[in-house]
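In the block that follows, a single chain appears as structure tokens, in the form predicted on its own.
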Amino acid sequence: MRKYLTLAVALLMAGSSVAQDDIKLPAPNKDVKMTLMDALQQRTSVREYSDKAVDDATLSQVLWAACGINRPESKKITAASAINAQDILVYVVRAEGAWLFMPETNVLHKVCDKDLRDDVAGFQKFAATAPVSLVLVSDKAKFGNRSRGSDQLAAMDSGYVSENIYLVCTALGLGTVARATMNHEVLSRELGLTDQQVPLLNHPIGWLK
């Protein structure tokens, strides 16, 4: 009896630990003063970042702009998506680990306890200095029987999300740059990706120096 009680307590504690690993983000503040035209005028690629942390409220704004739900009744998102596949998964990489962004609940689901920023940076070490990086992964399984053209569709969709990230970072006073360089093998393993889930782009993000 004591053995089963100990096992039950251990399972309960494990479940509690997993729950604590998930992060419920604040609702994104959409009251941003910069106009779209100003953001387009000022958009630029930034490769130097302050070491100041990007807080969860700001991160929530960035992720919502990237591919958050903007039409809850139809579960459609801020980024265009070929055949509405919504194949782009956004992973948040910080010193404390890595999380998968869940747009419908505005939750970060933890998938790794390691600091993967060096693997996101690859040989371009400046990227590892950013406090947060977003990794854009295409889940090609979402294209169904259109697998023959999935590479092109995935590239298109990652570009839409990438540009949204650029524009929201500009509007919020953050710096970022779109990059294809990264350690694909390590990231695929540590993020728990399937054979159909392919890292395409990443965005180091930080406050301007």
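One-based numbering along the sequence shown. Remember, it's a predicted structure, so these values are computed and weren't measured experimentally.
The following text describes the form predicted together with a small molecule, which does not appear among the structures shown.
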Exercise for the section: Have a look at 89 to 97, 123 to 131, 72 to 80, 109 to 117 and name the one stretch with heavy atoms inside 4.5 Å of the small molecule in the predicted bound form. Expected result: 123 to 131
Problem - Interface membership of L25, the small molecule in the predicted bound form, 4.5 Å heavy atom rule - result: no
Handout entry: R179: touches the small molecule in the predicted bound form, heavy atom cutoff 4.5 angstroms
Key = yes
Practice task
Report yes if any heavy atom of L201 sits within 4.5 Å of a heavy atom of the small molecule in the predicted bound form; otherwise report no.
Solution key: yes
Handout entry: R146, heavy atom within 4.5 angstroms of the small molecule in the predicted bound form
Key = no
Handout entry: One residue of T35, Q41, S45, Q152 in contact with the small molecule, assessed in the predicted bound form (non-hydrogen atom, 4.5 angstroms)
Key = S45
